[in-house]
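In structure tokens, one chain follows: the form predicted on its own.
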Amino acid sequence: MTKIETQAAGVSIQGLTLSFGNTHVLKGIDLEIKQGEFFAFLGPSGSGKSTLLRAIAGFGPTPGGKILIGGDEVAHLPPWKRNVGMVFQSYALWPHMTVRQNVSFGLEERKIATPEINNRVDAALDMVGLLDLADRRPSQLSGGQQQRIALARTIVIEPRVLLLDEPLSNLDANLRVQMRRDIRELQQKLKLTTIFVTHDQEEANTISDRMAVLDQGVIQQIGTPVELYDKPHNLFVANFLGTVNVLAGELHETGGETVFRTKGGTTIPFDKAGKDVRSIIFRPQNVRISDDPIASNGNNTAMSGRVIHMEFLGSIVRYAIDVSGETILVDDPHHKGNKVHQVGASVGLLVANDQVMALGI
């Protein structure tokens, strides 16, 4: 059987701007995506991530700036001359066509010879595990199968870049997990440059090599999922990539030692901070909770507070603790037989100092 062969290309975006009327949607985007990389655009609704993806594909108004694919400037080319493949959120399958006809459509439009079309369609359907369903229509398939058909229709044209616009949002939770694994496996098999748009940080974390977090048409930070989670550049990134505690305050010199003093009066040693620090952040899983007060030591800072909210989430119990008027979230791993601290209970907390990060806002 013929193999699907792709010529993966890197993508370079330079000074990209785009407006709809007086609304500036993309504001000076600079981005380098490596050949064969799985890259995610992550951000809330209205952040510009889908608009950026569609600009790469060639849909919508011509943007300012440059879009290079494999070194070729494509910003002024129509979509069909860019050799990219796009999978839409809605799948966009032809309901009156069979699976085979849907997948072969793009090749027929390119005037490929019939024997080659048949071979490439068989290869694409085999890769997504649906060769046996080639004669069915989309209405006879499940949501996950329709998504696979949309993928097959895209990879069969052997694009230089695969673009995925929230492709899993119409699937139920369990199927989303399976499909993202399948997409990642397919991408690795084809070594295909892939750009994935999502508002779901778990999806971006689990599927991408690197990602860009966008807000209001501006890239806030680029990096691997671990880099962005552990070392966010600002409060937006920290909050968007998981739950975070934020305590406002300022630095003080106490007995020759630099400490951060929160507005509630808690002090945390902070010898790596700059003078412009205005807040500190730490993740709920980096806080230990106890029935009794816990003493501070060189590596941890102790606090005392009262439980004001409790949620049992199965693998963890999430507590909201009032500490001198500030709310601190704690994720306590749950094991059978563990005590659950009830609302109103007095508790001791211990924060690991090396897990505390400084922000200048």
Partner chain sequence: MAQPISSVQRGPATIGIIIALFLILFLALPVLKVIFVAFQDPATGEFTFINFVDFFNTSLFQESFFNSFYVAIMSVLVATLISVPLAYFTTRFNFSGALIIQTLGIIPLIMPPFVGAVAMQLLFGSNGSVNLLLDEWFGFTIPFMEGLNGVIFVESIHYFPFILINLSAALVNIDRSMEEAAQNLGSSGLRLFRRIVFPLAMPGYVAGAALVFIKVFDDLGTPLLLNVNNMLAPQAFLRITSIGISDPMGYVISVILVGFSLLSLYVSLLALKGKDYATTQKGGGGLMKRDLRFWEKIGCYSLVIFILMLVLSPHIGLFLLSFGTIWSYAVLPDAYTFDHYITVFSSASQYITNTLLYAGLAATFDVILGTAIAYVVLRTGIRGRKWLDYGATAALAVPGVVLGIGYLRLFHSVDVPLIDKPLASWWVIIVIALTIRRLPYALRSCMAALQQVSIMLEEAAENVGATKSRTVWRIVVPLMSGGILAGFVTSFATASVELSATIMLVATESDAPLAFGIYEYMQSASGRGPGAALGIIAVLFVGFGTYMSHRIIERSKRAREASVPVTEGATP
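Positions refer to the first chain, counted from 1. Model, not experiment: these values are computed from the prediction.
Omitted here: the form predicted together with the partner chain. The next part is about that form.
Using a 4.5 angstroms heavy atom cutoff to the partner chain in the predicted bound form, none of Arg160, Lys191 and Gly223 count as contacting. Contact with the partner chain in the predicted bound form, judged by any heavy atom within 4.5 Å, is made by just one of Arg278, Arg137, His233, Arg181: Arg137. Exactly one listed residue, out of Pro78, Pro115, Gly256, Gly71, brings a non-hydrogen atom to within 4.5 Å of the partner chain in the predicted bound form: Pro78. Among heavy atoms of Gln201, none comes within 4.5 Å of the partner chain in the predicted bound form. Heavy atoms of Leu251 never reach within 4.5 Å of the partner chain in the predicted bound form, leaving it off the interface. Contact annotation for Ser90: at least one heavy atom lies within 4.5 Å of the partner chain in the predicted bound form. When the partner chain is considered in the predicted bound form, Gly106 lines it closely, a heavy atom lying within 4.5 Å. Only one of 121-129, 237-245, 172-180, 97-105 lies within 4.5 Å of the partner chain in the predicted bound form by heavy atoms, and it is 97-105.
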